[in-house]
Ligand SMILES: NC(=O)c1ccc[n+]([C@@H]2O[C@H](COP(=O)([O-])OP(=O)(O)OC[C@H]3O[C@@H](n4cnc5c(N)ncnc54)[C@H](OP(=O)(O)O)[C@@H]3O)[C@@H](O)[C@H]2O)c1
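Given as structure tokens, the chain that follows is alone and in the form predicted alone.
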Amino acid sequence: MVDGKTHPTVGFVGAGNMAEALISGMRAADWPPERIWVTNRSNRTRLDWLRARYGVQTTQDKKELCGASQVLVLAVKPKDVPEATDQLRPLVRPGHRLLSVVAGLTLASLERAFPGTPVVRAMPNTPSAVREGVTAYALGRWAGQEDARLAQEVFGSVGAVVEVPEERIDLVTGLSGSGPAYVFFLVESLIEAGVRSGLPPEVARDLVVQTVFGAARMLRETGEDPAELRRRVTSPGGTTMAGVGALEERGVRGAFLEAVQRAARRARELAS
């Protein structure tokens, strides 16, 4: 914990999917609900739902949220950043720290809006909701080791955390930030393949979900190279070789490469 005694009070500006993923993970990690505040632009129903589900504090008054919070998490849509920063600028005080999880929003832009404020730019992903996320973060010019520890505490409550130079954050966005969608797309496609081959949908889903989970767990627990694990299960002339061959023929590897690169380019475009 940052001060060695208790969790800091964190105020979320934005109540969308990423904010909820972090809130869910923080609550699962026993972050006290009275130390989590949330606001959004206009959706009172959404705030009421978050309060009922997670027990957190909600308000539509950003001044109240900033007054209660030591740490502000900017979690709005990229298009809403100008409005949010204009509203927050007069409310951010000395001692505040700012964490941004907005794709494409640079440290330089944040520091122009909040001069002198320690800023951390982060890219978590949605498995944070089940405490299996991964977050990469970069420190701003006024952020130090205490702010790095803060980022590790907040994001570490919902999964793994790595520090990277800011110039690599867009690549992280394209890989792990958008990565869960690629995996869900893969799972969706495998389930469809199973159903088209004659399996009942619920059976196909159970088989695919457990297969993906088991493969991921093998990767994490063995620490072995994925190519080596693939080679072990791919017997010459066998069924797996036939299946992998079809993937290679269809250019699946290249499609994943292009997906990551295109998502990273889009993240850079959002920053321009």
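In this text the structure is predicted, and so the values were computed from the model without any measurement. Rigid core (definition): largest C-alpha set, two forms, superposition within 1.5 Å. From 1 onward, residues are counted along the sequence shown.
The protein also exists as the form predicted in complex with the named molecule; that form is not presented, and the subsequent description refers to it.
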query	finding
Segment assignment from 150 to 158, 194 to 202, 76 to 84, 90 to 98: heavy atom within 4.5 Å of the named molecule in the predicted bound form	76 to 84
Distance check, residue 113 to the named molecule in the predicted bound form, heavy atom within 4.5 Å	no
Partner proximity in the predicted bound form: residue 69 to the named molecule, non-hydrogen atom cutoff 4.5 Å	no
Contact of residue 18 with the named molecule in the predicted bound form (heavy atom, 4.5 Å)	yes
Residue contact check: residue 13 to the named molecule in the predicted bound form, 4.5 Å heavy atom	yes
Among the candidates 62, 35, 27, 51, the residue which, in the predicted bound form, approaches the named molecule to within 4.5 Å (heavy atoms)	62
Residues 40, 43 and 103 all lining the named molecule in the predicted bound form, heavy atom within 4.5 Å	yes
Residues of 178 to 197 having any heavy atom within 4.5 Å of the named molecule in the predicted bound form, listed in sequence order	none
Residue shift check between this form and the one not shown, rigid core fit, residue 162 Cα at least 2 Å	no
